[in-house]
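The chain that follows stands alone, in the form predicted alone, written as structure tokens.
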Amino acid sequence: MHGRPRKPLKPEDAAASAAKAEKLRVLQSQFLHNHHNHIYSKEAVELSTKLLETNPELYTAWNYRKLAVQHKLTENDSDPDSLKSILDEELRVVESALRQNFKSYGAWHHRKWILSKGHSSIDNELRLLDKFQKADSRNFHAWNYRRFVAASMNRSEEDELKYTEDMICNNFSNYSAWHNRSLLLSNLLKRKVEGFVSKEKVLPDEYEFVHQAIFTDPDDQSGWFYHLWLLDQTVRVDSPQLVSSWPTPGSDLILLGDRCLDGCASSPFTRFHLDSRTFPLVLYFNQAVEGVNSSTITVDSELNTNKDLVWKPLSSCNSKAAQVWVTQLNLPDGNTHSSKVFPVEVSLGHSQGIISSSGFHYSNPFCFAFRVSLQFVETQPVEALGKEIISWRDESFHNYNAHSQDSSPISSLYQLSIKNDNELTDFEWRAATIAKEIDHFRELLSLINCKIGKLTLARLLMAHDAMMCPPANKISHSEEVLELYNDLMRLDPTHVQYYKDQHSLVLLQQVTSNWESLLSRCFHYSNSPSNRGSPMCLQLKNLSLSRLGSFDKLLWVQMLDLSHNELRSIEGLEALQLLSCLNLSNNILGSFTALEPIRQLKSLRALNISYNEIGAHSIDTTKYLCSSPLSHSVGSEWNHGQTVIDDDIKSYWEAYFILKGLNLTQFDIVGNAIVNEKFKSFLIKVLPGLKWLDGEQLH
């Protein structure tokens, strides 16, 4: 247990263990006979007492005693003294069992159940807890029970906070005490108890307190975890905020009914190719929210002929809460003159209803506007476009030179969220606190080489940049943070995947932090570099990315190259609602489950997942109740009466659920273990609009 190697028992110990096991088997046999036959006599209950004194982990025995207690209470419900005697005996049995094993879940739960009956005094419980916490001050069972007792006694949270301080001062390597302290402070701050009205007044003292533990013994992790909680409390804004949208505020969006003419003066960052008479409006919040609907979001425009817009949460787990929400705006019927401009105004926060998963309301009324113009250019029949294969070769792309009409697609809404002096003051103390912590840990790392110190410094630097980035439009510490994660990968290979993921997120934040950085990775997809009507591709290939992020800065992307990375998942990619061409080749995607976000990319037409590891591993069943298509979590919309489950679907049901409903015209999957002629035939059946498969045109 906990990394300690097992040692073979000595002969005499083995004999004693065998004798104990035999005694336990006899007791269990007699006990189960009584339990199954509902025998609650004095002798039967005493037998269960002996059994629990030998093995306090036997849940069935504790449940039997609950039934026995209920039986006795029913027989003696008119005699208060008898009731108290019955329950006091149960408390004695629990205490005896806890002395045998004070980490017994069943025993602690049974004690709570007895006290909840209301016939026993709770005054003795803190004295009992003191005994157990002296034996093991970090026993989280005892701390959990202490919270129950304190609430039952109406003991003040301030007194309990002082108790945690005393326990930590006795031994700062006490995870449970630090954890209890975080729970108490959270409640006190939430209720704004006197002395705990604002984080600005409370958290500085907590930082000083935890510094004593961290700087005394940097190798002990308990204080570091509390420091991480303090960091989260410092940087997190409780109420949800809108951080990004597509279209962006103030943008002039051009919708193209077919394709743009050569020499078109519009920016490729504000052009959107239509294949239907709708286009998406995307809202990106800083945390998951629910309650986004036509009563909490007002869209004022001629394009909004249907006043009750349907908002959809973009979540891979079918949750009602999501960080990203999308609705579709309808274009006017009939031919519209190309010079016609439609203003659109979006308002939110003027009525309550948008609420975060933690229960905080969106409380910052906000309004933004953009303009939409329509251009239906008849250069080529729409049905002919799918006949052109998308090539991801380098020669198909040309450097993009920015033009004066280009506007940044990554403008943040953060600056507009600070409305008054109080919010500005709140921002200033948070930034000052983080800066002070950075200085402390730079000093610590100048004295010792500490892994968790490097990790904490990396987190602090990124927290500081995240707070300062919108006004400064740059990430000033990204290179230092990337180097810290490189060091951690060398120093701590056990957790290398976590460090690689964090390194990837920082790298993406660096790439997307400003307009110039993004432009350096934007390329025209075109046969001729002079053709400004060609699609714009964002190339994030060959970056060793193992995790994706910064989606709030990428909502404008229509063509994305993520090839030659180390991606196992594309979680979060569902936010890119404009995405029509996606290259995921030469990654390490292990199953179709990893592609689940593409199910919500309704504009996707070309997908390349060649040279991954799909089919090289056993089917990923971690998301399913059982390995059957009928219980697939993402297949909950399966219509059993209309769907014919043929042999191909049974063989490739995971691929079926991911790909069905997509309108792909081009699909590349060569180089995956799953690929054979049977699977290709299956793909042609599931994707009826497919025109190109692995570079070959279908007939």
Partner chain sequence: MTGNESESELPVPPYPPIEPTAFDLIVIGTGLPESVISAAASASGKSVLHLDPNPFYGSHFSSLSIADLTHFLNSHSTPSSVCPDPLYSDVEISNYASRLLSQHPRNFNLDVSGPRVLFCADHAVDLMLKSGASHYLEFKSIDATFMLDADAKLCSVPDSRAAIFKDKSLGLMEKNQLMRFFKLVQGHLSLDESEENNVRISEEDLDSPFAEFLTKMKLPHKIKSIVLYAIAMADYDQEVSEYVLKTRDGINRLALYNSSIGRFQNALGALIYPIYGQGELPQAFCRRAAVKGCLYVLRMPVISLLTDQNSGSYKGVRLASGQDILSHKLVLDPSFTVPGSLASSHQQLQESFQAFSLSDNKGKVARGICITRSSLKPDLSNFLVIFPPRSLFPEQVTSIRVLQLGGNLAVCPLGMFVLYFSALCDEVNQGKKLLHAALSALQKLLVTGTAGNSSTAQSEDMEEAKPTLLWSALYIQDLSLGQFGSIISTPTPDGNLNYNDLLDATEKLYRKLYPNEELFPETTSPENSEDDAGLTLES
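Residue numbers count along the first chain shown, from 1. If you're wondering where the values come from, they're calculated on a predicted model, not measured in any experiment.
We do not show the form predicted in complex with its partner chain, though everything after this point is about it.
Using a 4.5 angstroms limit between non-hydrogen atoms, S173 touches its partner chain in the predicted bound form. Proximity of T216 to its partner chain in the predicted bound form falls within the 4.5 Å heavy atom cutoff.
Using a 4.5 angstroms limit between non-hydrogen atoms, H361 is distant from its partner chain in the predicted bound form. The shortest heavy atom separation between R155 and its partner chain in the predicted bound form exceeds 4.5 Å. When you look in the predicted bound form, the only residue of A435, I122, A151, I448 with a non-hydrogen atom within 4.5 Å of its partner chain is I448.
Taking R599, R99, H211, H398 one by one, only a single residue has any non-hydrogen atom within 4.5 Å of its partner chain in the predicted bound form, and it is H211. Screening 218-226, 388-396, 346-354, 82-90 for residues having heavy atoms within 4.5 Å of its partner chain in the predicted bound form returns a single hit, 218-226.
With contact defined as any non-hydrogen atom lying within 4.5 angstroms of its partner chain in the predicted bound form, K134 is the only contacting residue in 124-145.
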